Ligand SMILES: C[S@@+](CC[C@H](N)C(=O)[O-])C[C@H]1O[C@@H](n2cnc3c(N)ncnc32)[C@H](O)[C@@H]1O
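Read the single chain below, which is given as structure tokens and is the form predicted alone.
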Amino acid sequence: MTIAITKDLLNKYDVAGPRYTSYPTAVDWTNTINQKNYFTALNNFKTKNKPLSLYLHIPFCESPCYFCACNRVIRTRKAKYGDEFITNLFKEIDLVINKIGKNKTVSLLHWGGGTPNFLEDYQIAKIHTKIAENFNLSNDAEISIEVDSRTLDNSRIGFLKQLGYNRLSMGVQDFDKQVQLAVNRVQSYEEIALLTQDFREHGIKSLNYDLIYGLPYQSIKSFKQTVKEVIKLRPDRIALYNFAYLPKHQPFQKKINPKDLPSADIRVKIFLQARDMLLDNGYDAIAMDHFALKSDEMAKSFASGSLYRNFMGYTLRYTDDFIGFGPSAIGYVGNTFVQNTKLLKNYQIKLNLNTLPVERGLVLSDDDLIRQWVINALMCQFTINKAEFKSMFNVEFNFYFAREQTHIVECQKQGLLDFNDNTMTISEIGKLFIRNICMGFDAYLQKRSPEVKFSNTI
């Protein structure tokens, strides 16, 4: 379905705004949350008999990708730094296990970074064994890892499969050589094609490609070729992200000349063209910026309304609680967000003192939980069922969000949503502006310091 966006609509809504991987967003958390708060949440979780999710943040990369906004450290002596990191990671795991006990069921385990396959095979196996010894990985658990194609080969894929990893995510970004050189991420179509064939031969259950639009030198024509090549390779899932250019916060992005970036109008056309091409070739549009083959679990989960979103992305294995390990890792336990210190040195210092490396977080209020539910529903299902809202929170949606009615009506006038007595549904064009719609339900929006910077929503 081709969507046309007017200049007026683009000018009105092409503003900076959160991606809403959480609500309240990470910038609204405070440094008053510490180990004591986290221990309280973990102690309360100890009595729960529910599955949880785990996230492992591996902070190392061999070389910087200039577009990347992830927390990472550039290193070359892989074994040395990997061994030092594992020593501290295990201290953190032990501190958490001492609070919640062993053998809690895990339905989702995800490795991110950085570059998880920066580690040697024996180091990956050592960490995986530590997790398996302390947690109960359920038989149907999604066990996923992000990989860099430039440090991956057939044997390593087979090794990950043997350990039980059933979903791999690979950063492709763009196949255009000029774009790749500009962002320091050079990898050929042939290399990606060969690795994709290897994934299939080893029986990897699901393969995801990350693509980015809005990178330097990208054009409508050049990205069309990239999408054509991606479609030929048929990854199960595709994440199509808008490049967040924030050079003041991401030093390596200063190597990118802003004059080389496509305009907002071109960015939207690049995205819409890619969207149409994927929809015409067997993919379903999933929530905000993801696509999945119609046969994939994610497409089925989205269709059934059971998709959920957190810091690990869109997930099919919803859990109330998740625990993060590693520098900058985020956890959410007992309605409390916690984030570890980002600096590897500080992470090591705190753990050497037998202290959890918690740096910031937030204990959610009742209002936070209500707005969190609404924003998650909008981001994941594109609809709000008002009867469901009332049954959960014992209050009428329209009454609770009386101050937000002006925003809702304005969005309706712009054709972004439709609403009646029972439901509020995002339109096809509204899906492209979903972050803007969610911003109207964000109670922290006006309180944020002007120094807080977000990427543009379009």
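All of these numbers come straight from a predicted model, not from anything done at the bench. Counting begins at 1, following the sequence as shown.
Below, we turn to the form predicted together with the named molecule, even though it does not appear here.
Report yes if all three of Cys68, Val147 and Arg185 come within 4.5 Å of the named molecule in the predicted complex by some heavy atom, otherwise no. Checking in the predicted complex: Cys68, Val147 and Arg185 are all within 4.5 Å of the named molecule.
Stretch from 279-287, 265-273, 198-206, 243-251 whose residues place a heavy atom within 4.5 Å of the named molecule in the predicted complex: Only one stretch qualifies here: 243-251.
Please run the contact check for Ile212 against the named molecule in the predicted complex: heavy atoms, 4.5 angstroms, yes or no? Yes, contact at 4.5 Å.
Answer with yes or no whether Gly326 is in contact with the named molecule in the predicted complex, where contact means some heavy atom within 4.5 Å. Output for Gly326 is no: heavy atoms all beyond 4.5 Å of the named molecule.
Whether Gln173 contacts the named molecule in the predicted complex should be assessed with a 4.5 Å heavy atom distance threshold; does it? Yes, Gln173 is a contact residue.
Find out whether any non-hydrogen atom of Pro357 is located within 4.5 angstroms of the named molecule in the predicted complex, and reply yes or no. Contact with the named molecule, no.
Could you list the residues in 100-134 that come within 4.5 Å of the named molecule in the predicted complex, counting only heavy atoms and keeping sequence order? Read in sequence order, the residues that approach the named molecule (within 4.5 Å, in the predicted complex) are Gly113, Gly114, Thr115.
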